[in-house]
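For reference, the chain that follows is the form predicted alone, supplied as structure tokens.
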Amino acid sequence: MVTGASSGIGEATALALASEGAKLAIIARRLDRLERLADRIRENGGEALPIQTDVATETQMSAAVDRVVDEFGRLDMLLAIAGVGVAAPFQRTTTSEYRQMFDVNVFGLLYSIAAALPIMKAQRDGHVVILSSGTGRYIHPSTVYSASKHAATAIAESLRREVCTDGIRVTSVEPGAVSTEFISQMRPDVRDAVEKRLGDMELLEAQDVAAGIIYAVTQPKRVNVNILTLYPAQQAA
């Protein structure tokens, strides 16, 4: 089950998992994009179930997991990739942006885990992959976004300690700057500032992060990749 699968890292991860033979439930708000992605997966011999879902709505996330279990009989992996961000200093971030980032990046993550975890515990098998960020580990002047990703990193590490004896693995993935829609969807003033800061740096591609996720989830059951950090080679911080 891949949340945030309609674009960027979520889409790339879904395609990478499909190439490894996974049966996929792809989750996002934009159903048209999910259906196009499902068609691509099916054309290559894979299996994909698109489910229009807002991860920040608890009932929708719970219903999505129920549908996955009804369709496939089990849930082996939750790839919690859905996220939003405004990479701006605190005084240039609005209160509505505070709420949106915490609704998706924190509460949406918690709702996803809460829905999936009972299934995995009953199976005594599962893997939760949480997309955090480099800003979730290192101090960064995007105060609210960084706070939401610090929360995601803490959730991943605490959850791993809680469920490691239940046959469930937990991995936190913490990329630096990635070339996706993430930056283009920010307010124009914030987007311009971020693009100026990044300059002509060669950014990570979504496929680079997806390849790291594939590495983590294909390790032997005895191996838990706790934290996976990927940065562009030119990115210092």
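Please read all numbers here as calculations on a predicted model, not as lab measurements. Start at 1 with the first residue shown and count on from there.
Below, we turn to the form predicted in complex with a small molecule, even though it does not appear here.
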Considering the small molecule in the predicted complex, find the one stretch among 89 to 97, 115 to 123, 76 to 84, 160 to 168 with heavy atoms no farther than 4.5 Å from it. 76 to 84
One residue of I41, V55, A210, V68 in contact with the small molecule, assessed in the predicted complex (non-hydrogen atom, 4.5 angstroms): V55
Between R36, R197, R187, R29, only one gets a heavy atom within 4.5 angstroms of the small molecule in the predicted complex; which residue is that? R29
is_contact(Y145, the small molecule) in the predicted complex, heavy atom dist at most 4.5 Å: yes
Quick one: is D192 in contact with the small molecule in the predicted complex, heavy atoms, 4.5 Å cut-off? no
Report yes if any heavy atom of E181 sits within 4.5 Å of a heavy atom of the small molecule in the predicted complex; otherwise report no. yes
Check L24 for me: does it contact the small molecule in the predicted complex (non-hydrogen atoms, 4.5 angstroms)? no
